[in-house]
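One chain is shown next in structure tokens, namely the form predicted alone.
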Amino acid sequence: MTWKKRQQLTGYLFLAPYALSFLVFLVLPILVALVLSVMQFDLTATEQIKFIGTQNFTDAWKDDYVKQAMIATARYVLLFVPSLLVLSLAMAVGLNAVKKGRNVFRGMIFLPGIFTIAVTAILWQFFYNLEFGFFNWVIKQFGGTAVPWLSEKSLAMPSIVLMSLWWLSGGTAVILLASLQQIPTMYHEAAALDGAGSWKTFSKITMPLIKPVLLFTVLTNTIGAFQMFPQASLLTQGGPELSTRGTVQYIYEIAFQQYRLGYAAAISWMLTAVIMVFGIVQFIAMRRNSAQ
């Protein structure tokens, strides 16, 4: 065996563990979900497992609970993604302006992101508690009345979004900070010599140069937001009145509480299609931006 072939074989051997895990934990579940979506696969029913074509998708399209879950998911995405982008960008710009102690502040901002969602939810359940929660304690100190953060339908979803922002904004801010630090200082110096103010420099120089990274963060966080599940499940259990039960939580309940695996798989593919549409639109925007 020649040295070149041995080198190629070594490369394949290094790739083999990842390729195997990719096939077993990603490709195989996708294929299984695809098969289940066209099957009647109800573990609690007396009927035999059989092929039913697109019946699961038709039933899901008519299911009011699916529509309600999709609406709750869309509300979360629309509230969370823009807020995350604005907050993370503001923190990144602030960190970029700091000259001393930047690493300390960066570590403090990134700290919430190292907690698991379970720990984060337990902490924020204390913050939101109606009787002895931290937020209501502060409100009472100023003479106000306790706010039902998680039991009021109009406040439950914004409360979940607020927790998610605290948990995830630090990581996005660090990514944006890295892109800001890659901008050559000569651009800002030239703008200052031309008499450009801070806002004009930011809007005409900084924003266009970090636009690819902004689009990337929007894409990844949008995909993640559509998969919202533990935040609402741990804080509100999908309530009140199912206003915070997202699509993934409904899929979980259908699959692992009602044991209707085929129907749950069909809803999963419907959610995947929605995510793919948003992903393709944002990917096209990224391509157009890079071509400019």
Partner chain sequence: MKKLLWVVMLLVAFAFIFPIVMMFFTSFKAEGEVLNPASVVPKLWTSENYRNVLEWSEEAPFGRWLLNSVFVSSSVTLLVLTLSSMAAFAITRLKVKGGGAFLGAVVFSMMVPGQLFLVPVYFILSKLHWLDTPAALIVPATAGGFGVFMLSQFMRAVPSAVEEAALIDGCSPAQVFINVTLPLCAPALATLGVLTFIGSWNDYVSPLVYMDSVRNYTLPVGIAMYQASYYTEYGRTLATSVLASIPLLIVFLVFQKQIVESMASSGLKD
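The shown structure was predicted, so the numbers you read here are calculated from the model rather than taken from an experiment. Positions refer to the first chain, counted from 1. We call the rigid core whatever largest set of C-alpha positions still superposes within 1.5 Å between the two forms.
The same protein has a further form, the form predicted in complex with its partner chain, not shown here; the description that follows concerns it.
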60, 225, 69, 36 - the one with a heavy atom within 4.5 Å of its partner chain in the predicted bound form: 36
Interface check vs its partner chain in the predicted bound form: of 139, 165, 155, 74, the one with a heavy atom inside 4.5 Å is 165
Under a 4.5 Å heavy atom criterion, is residue 188 part of the interface with its partner chain in the predicted bound form? no
At 4.5 Å between heavy atoms, is residue 81 in contact with its partner chain in the predicted bound form? no
Flag residue 127 as yes or no: does it have a non-hydrogen atom within 4.5 angstroms of any non-hydrogen atom of its partner chain in the predicted bound form? yes
Under a 4.5 Å heavy atom criterion, is residue 169 part of the interface with its partner chain in the predicted bound form? yes
Would its partner chain in the predicted bound form be within 4.5 angstroms of a non-hydrogen atom of every residue among 11, 28 and 264? yes
For the stretch 171 to 201, which residues lie within 4.5 Å of its partner chain in the predicted bound form by non-hydrogen atom distance? 171, 174, 175, 178, 179, 182
With both forms fitted on the core, give yes or no for whether the Cα of residue 9 moves by 2 angstroms or more between the shown form and the other one. yes
Using a rigid core alignment, state whether the CA of residue 276 is displaced by 2 Å or more between the shown form and the other one. no
